[in-house]
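Only one chain is included here, represented as structure tokens and corresponding to the form predicted on its own.
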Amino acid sequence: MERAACIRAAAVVAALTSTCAFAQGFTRPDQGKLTATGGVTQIEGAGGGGLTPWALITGYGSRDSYGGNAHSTFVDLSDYSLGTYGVAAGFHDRFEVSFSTWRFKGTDGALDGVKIEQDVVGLKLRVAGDAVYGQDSWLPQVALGAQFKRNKGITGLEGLGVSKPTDLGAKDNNGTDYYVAATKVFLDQSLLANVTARFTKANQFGLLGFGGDLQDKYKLRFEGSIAYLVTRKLAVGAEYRAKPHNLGVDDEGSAKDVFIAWFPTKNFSVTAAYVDLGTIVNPFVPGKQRGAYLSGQIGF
């Protein structure tokens, strides 16, 4: 079922991309949006903060144009590392498609060299409001989104009979998150606020599959971001993301970060953060996984 959903999502991405490319012809993107209002690249590839997607559409194309970007992110944790890279595109400041691939690796102790990989295809549609130009209204910009996640397997634990998340107790190796995001920019206060409600069964963002021996139902989990624009090109902020606890072998908790993002131009941005991803299964060295986050984005 989930595999079919991923295939359908990929088909939708291809169709949207082809349709918009045909409609735009060879017109150059207009970069009509304000600096930083496309967000940076969220860890799963969507436009937003580092941990949570925002209702903002990625890129700097206005409602009459399009935009896109490529990103690379690296997270260095206590006992693990995570590298992601991918691309995203926004069309008419209305809808967004994204793709990212993940490489999660054990870097210390008995789990050194263990690897997990997954791909994420994302779709987002703005359905109401305008986060920037609706300053005379308290209505935020609202978007609906879905992230289709396909786990590509676990390597390094074959001796224990583990090669995929279901071997650790997950109900499914692949799955889909659904979310509603609401974002508001307060220009006079140089402030951005976002709240995201996510319907999910994902274990550790999907790296350990979906559902488990403790529960196998979609749960509503909330995420939030707040960012202050120190200057037009520099933002500081913090994020929080609640996660479900489905697996008995993994005492999963919430994730959080504090970040600084620099936008020297509309074509380039860098985000650095201190991130706490909570406990990630490690029977040999239990404890919080905290460390540095660095992400670069180039686009138009």
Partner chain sequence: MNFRNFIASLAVLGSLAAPAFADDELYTKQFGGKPGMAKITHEMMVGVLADPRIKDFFAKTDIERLEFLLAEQFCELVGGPCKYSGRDMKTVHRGEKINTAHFNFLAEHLQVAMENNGVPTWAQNKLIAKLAPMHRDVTEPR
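Residue numbers count along the first chain shown, from 1. For clarity, every value in this text was computed on a predicted model and none was experimentally measured.
In what follows, reference is made to the form predicted together with the partner chain, a form of this protein that is not presented.
- Query: Every residue in 31, 136 and 230 with a non-hydrogen atom within 4.5 Å of the partner chain in the predicted bound form?
  - Reply: Answer is yes for this spot.
- Message: With a cut-off of 4.5 Å between heavy atoms, is residue 35 one of the residues that contacts the partner chain in the predicted bound form?
- Response: Judged by the heavy-atom cut-off of 4.5 Å, residue 35 is in contact with the partner chain in the predicted bound form.
- Query: Contact between residue 62 and the partner chain in the predicted bound form at 4.5 Å, heavy atoms?
  - Reply: Yes.
- Message: Does any part of residue 187 reach within 4.5 Å of the partner chain in the predicted bound form? Heavy atoms only, please.
- Response: Yes - in the predicted bound form, heavy atoms of residue 187 and the partner chain come within 4.5 Å of each other.
- Look up in the predicted bound form whether residue 241 has a non-hydrogen atom within 4.5 angstroms of the partner chain, and give yes or no. Outside the cut-off, so no.
- Item | Option from 222 to 230, 68 to 76, 205 to 213, 150 to 158 whose residues, in the predicted bound form, bring a heavy atom within 4.5 Å of the partner chain | Going by heavy atoms within 4.5 Å, the stretch is 222 to 230.
- Item | Answer option from 142, 146, 132, 193, heavy atom within 4.5 Å of the partner chain in the predicted bound form | Contact check passes for 132.
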